[in-house]
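Below sits a lone chain in structure tokens, taken as the form predicted on its own.
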């Protein structure tokens, strides 16, 4: 059977999906500069394929322009069509940036960080997911038995990532039922978020070819493990030298890195709805799930909102190059581009205002009383998506970073998602998200 290759031009969106249009590969050259037509109200297509209240209505036209540096083409070698897409930016027809383009907002945040401080962000994403084949368990967590069960998937998956230009760091059996984790090597700037998106999409592509479905849903079962997205971050100066570590300061955080972290923690209540954006995200953000329930900086604590990570201090190893912090609140219901943009904007505000980070915790905060937490200046994260959206809607800081239009669009989008779930049990909601992600 004759075939003509199709390529998709696409972009990450508010619902955590990747949307765009496919065109014949033969037409790509002519589309590279002018892109493809796009509709503003598409931004309001929700997780459940409803359309939220839109300020655009049926009006307006945009361009989605492919980024030649964000091409993914993977031949799985099984006779199936290649996985071929370009990530792009959404622009007005005059070429100016569209306020609701998530990739564009991340670029804006990174440019501001560089322009104002001379710093660049290097980051790496860790993504957890679960298989849906119906068989229980897969052996003990982190076991060879568990790896063996899905080694065929893992090897095909890592090969696909390499073809796509993503540098995988690990593929492992995680602790939860049917749960695995994939990690990547750190990348500078927007490339890290692009790679995180490819990690998720190529897992789905591999799963489809092996008839072995997966889900990146935040949580499948309230009695089970959740699936998080952990973002490791470090700063570099203009010369490319590490700027996160200073052994003379508390917990090894340099002054500027401490300010960056302080900004994230200060603004975290206002951006939680962007990094943990589903109704069921907040079932994961509870104590003793190895996620985060409190707005705290932890020293090597896997339940802290921001964790100061350990480093190998063996002979000949450069501690400064390894030193990083890990943000643990997010999940895959969110676009990696929006998550990283929100963190960069918040961190930059901390640098601007010379905020001081809190003292790192090294204890189980769930054992402390509310009054003890208050004395320490530690607050719980928002309890649910509705509360988190209220915080985001009222945030002057978020409005100054993303603009009033985006803030309004985002809140309306997520409230429509909640309306769709109104009246459904938490179990039914978990099942719906499981199918979507």
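Positions refer to the first chain, counted from 1. Since we're looking at a predicted model, the values are computed, not measured.
Not pictured, yet referred to below: the form predicted together with a small molecule.
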(Q) Within 4.5 Å, heavy atoms only, one stretch in 220-228, 268-276, 233-241, 105-113 touches the small molecule in the predicted complex. Which? (A) 220-228
Q) What is the one choice in 179, 295, 324, 332 with a heavy atom within 4.5 Å of the small molecule in the predicted complex? A) 179
Q: Identify which of 194, 128, 349, 83 has a heavy atom within 4.5 Å of the small molecule in the predicted complex; exactly one of them does.
A: 128
(Q) When the small molecule is placed as it is in the predicted complex, are 149, 153 and 173 each within 4.5 Å of it, taking any non-hydrogen atom of the residue? (A) no
Q: Examine residue 302 and determine whether its closest non-hydrogen atom to the small molecule in the predicted complex is within 4.5 angstroms.
A: yes
Q) If you check in the predicted complex, is residue 291 within 4.5 Å of the small molecule, heavy atoms only? A) yes
Q.
Can you tell me whether residue 122 touches the small molecule? I mean in the predicted complex, with a 4.5 angstroms heavy atom cut-off.
A. no
Q: Answer with yes or no whether residue 328 is in contact with the small molecule in the predicted complex, where contact means some heavy atom within 4.5 Å.
A: yes
